[in-house]
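We begin with a single chain expressed as structure tokens, specifically the form predicted on its own.
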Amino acid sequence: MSLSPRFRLLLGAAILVLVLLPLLGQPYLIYLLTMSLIFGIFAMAYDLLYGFTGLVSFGHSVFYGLPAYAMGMVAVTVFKYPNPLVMIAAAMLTGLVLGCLIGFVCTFARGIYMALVTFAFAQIIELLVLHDPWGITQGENGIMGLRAAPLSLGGLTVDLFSGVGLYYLVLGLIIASYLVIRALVNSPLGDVFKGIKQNEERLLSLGYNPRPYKVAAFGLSGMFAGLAGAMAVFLNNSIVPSMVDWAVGAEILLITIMGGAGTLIGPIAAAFLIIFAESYAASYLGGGNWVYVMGGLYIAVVMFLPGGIFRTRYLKKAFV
């Protein structure tokens, strides 16, 4: 799907606004923007699996949370080597390997049965994390103190792992992730992914074995989800068991559907909408009442925009 010149102009304007917003100097706004960008990367990762390949996962929190724990093992509980580049590489590699392994198992099933298998993995891994095997996950307490030290570049010290520095790092990563995933889905490999979603039986008749491609989709999705999890660790300076809770996977599924599965841009926009809506609803309504607002928002989108925000007639025209 190509982007029209008008849409590219709007996209460029949105990026410019995001570049300038930290100049307002409001820490909480920067935090929300950074979290929105992180969930935008996570949503694109899920969109690659669901929106383009047609595979439903109810346990994508595994690929977001377990790579974070891999960072914790590298930096705190096992190797005690808090190099930020090594930590990020460990998270992405963990996401890739987990995606391939879980994808290999899940692709024995189809449809809702595959989704249930992914859900089962999420439950098992959450229990494993809470059990704290060999002291590497620290159970319910989680792993604290994971903020990386500033990088020294020559005589210049740059802090890319907290505050405004982290915001700009994540902004650069989401742009890079978008370009990479977009190139991927427009490549011959991406054509096979789309073929799996549209008509898997026809692919079989053409001599393709869809299963290795499904495993590849899981692996690539897991790698980008691991990157999102790594950035969340730097943002919150901690790893907690809720990162692997199945509810995180359910939320990213809803964000992707709300934005418009198979658009990439839509899930990013929906991530911003949901993160800010959750924050302000919680502030104004207090307690757990914000969930009613979020539930109403999801219901409204499903009822009136069944294809998602970026699948509306006007916005679909903007892609052409």
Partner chain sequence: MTSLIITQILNGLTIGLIFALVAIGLTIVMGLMEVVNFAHGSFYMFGGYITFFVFSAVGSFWLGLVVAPVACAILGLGLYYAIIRPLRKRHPLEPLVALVGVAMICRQLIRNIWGAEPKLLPIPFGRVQVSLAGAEFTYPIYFFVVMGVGVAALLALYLLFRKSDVGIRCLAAIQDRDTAMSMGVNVDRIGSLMLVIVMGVAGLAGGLVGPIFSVYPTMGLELIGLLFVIAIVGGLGSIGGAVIAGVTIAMTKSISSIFVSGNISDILAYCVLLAILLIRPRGIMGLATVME
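Residue numbers count along the first chain shown, from 1. Nothing here was measured: the structure is a model prediction, and the numbers come from that model.
Another form, the form predicted in complex with its partner chain, is not on view; read the next lines as being about it.
Screening 117, 235, 100, 92 for any heavy atom within 4.5 Å of its partner chain in the predicted complex leaves a single hit, 117. Though its partner chain is absent from this view, in the predicted complex it lies within 4.5 Å of a heavy atom of just one residue from 136, 176, 151, 130, which is 130.
Note that among 105-113, 73-81, 223-231, 163-171, the stretch whose heavy atoms approach its partner chain to within 4.5 Å in the predicted complex is 105-113. Among residues of the shown chain, residue 280 is not one whose heavy atoms approach its partner chain to within 4.5 Å in the predicted complex. Contact check for residue 253: a non-hydrogen atom falls within 4.5 Å of its partner chain in the predicted complex. Shown alone here, residue 306 lies within 4.5 Å of its partner chain in the predicted complex, counting heavy atoms only. Its partner chain is not shown here, but in the predicted complex it comes within 4.5 Å of a heavy atom of residue 123.
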